[in-house]
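We've got the same protein chain twice here, in two forms, each standing alone as structure tokens: structure 1 and structure 2.
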Structure 1
């Protein structure tokens, strides 16, 4: 399990950092619990192997001990719950104004990203992977829709996902702290070509974003949505 820590992707969003910290807290406590409990199991097996035919003392229980190992896990999970709620509030916080509003529509089997108030739109297909271009350091508010069945919007390096459910508008914020190209994929099984429902998030500087947006808007006005 300690190996697992090294493999948790570092988050590239402000919201994801809270998840990363929370995950590591869980991991440290889990590692201690695992080592203690499996250590006790192994110790009992080695120490108390049957050596003769004598029957060991027939103890039926110990209330004080049992109360202790009821209370300790209770305290641990309550602590984990408090930290969970703190992280959750950070991840789901939408109190600030968004800098960029994108309507992401999932459909069998690709994605459409429409930039609100600009006319810019990117539409993908299973053969051509769409890119959601966003500026670094700004709050991106995604309105997630589905055109057909249930899908799920997932960019592993944001440590976040959300289901796209027909008839429902799902809103969430992403604030990227790093530029780069990030893999995204539908994670809710959605039929035949579910594995092909891949997209990318390209995080660029503010200037690059503005010029990309201007070009896309012109293209949108000319009736040719980009891919």
Structure 2
């Protein structure tokens, strides 16, 4: 269990750090509860094991103990609720202006990434994995759409997933803190070629991003159909 718990990736985005911290808080509290409860169970088994045929002393209720083991879980739940709301507000915050606006359209069975106001567009296919190129350290606002059925936008190393629902616009921000190439995929079964719905997020320096964007804009790929 401890090895499995250590498999959670550290997030590469500012928003994901809040999720990662919340996950660790839940893990630490759960570990303490596990140790306390397991210790009490083991102590009770040893301390009150059967030694003879006499019935041990019977206790009919203890208001202090009952109040204690009611209040402790209540306080734990309230604390976790508060920290969960804080992390959620951090992940969903869109109060500031975005540096890059991308419309990500999921379709059977690939992705289209359109860079608003530039004419640059990346269209994938099951044979050609699309890459969403973004600059490091800048706020990326993604407008997630679906052209047909329900899909899911998931990049494991961001610790973030969002559904792409037909007729619904889902907005979210991602601020990548390190450069690199990160795998993404659809995690909602959407048809026979669902396993082919993969993509990549390439995070580059701001200079590299501007050069890439200029090249894609000159290529004039905007307007290509997604299906």
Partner chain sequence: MATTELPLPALPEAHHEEPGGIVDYLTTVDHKKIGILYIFTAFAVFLAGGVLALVVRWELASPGLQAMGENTYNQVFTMHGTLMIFLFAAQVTTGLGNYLVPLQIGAADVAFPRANAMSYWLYLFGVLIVVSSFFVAGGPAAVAWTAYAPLSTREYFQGTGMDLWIIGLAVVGVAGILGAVNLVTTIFRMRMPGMTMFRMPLFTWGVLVNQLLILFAFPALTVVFALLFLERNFGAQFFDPTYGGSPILFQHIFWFFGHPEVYIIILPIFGIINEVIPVFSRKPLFGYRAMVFAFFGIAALSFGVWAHHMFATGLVYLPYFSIMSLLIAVPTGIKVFNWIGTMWRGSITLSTAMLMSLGFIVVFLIGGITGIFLASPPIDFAVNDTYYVVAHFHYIMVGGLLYGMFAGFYFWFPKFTGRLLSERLGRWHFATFFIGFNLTFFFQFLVGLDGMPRRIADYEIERWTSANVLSTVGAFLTGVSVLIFIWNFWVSIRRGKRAGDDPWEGNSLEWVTSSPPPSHNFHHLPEVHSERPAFDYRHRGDPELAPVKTDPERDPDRG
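As the structure is a prediction and not an experimental result, all values here were calculated from the model. Take the two forms, find the largest set of C-alpha atoms that superpose within 1.5 Å, and that set is the rigid core. Positions refer to the first chain, counted from 1.
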Mark the structure, either 1 or 2, that is the form predicted together with its partner chain.
1
Against the larger rigid part, the smaller one turns between structures 1 and 2 through an angle, in degrees, of 10
How much does the C-alpha of residue 47 shift between structures 1 and 2, in angstrom, given a rigid core superposition?
6.6
Between structures 1 and 2, C-alpha offset at residue 69 (rigid core aligned, Å)
3.2
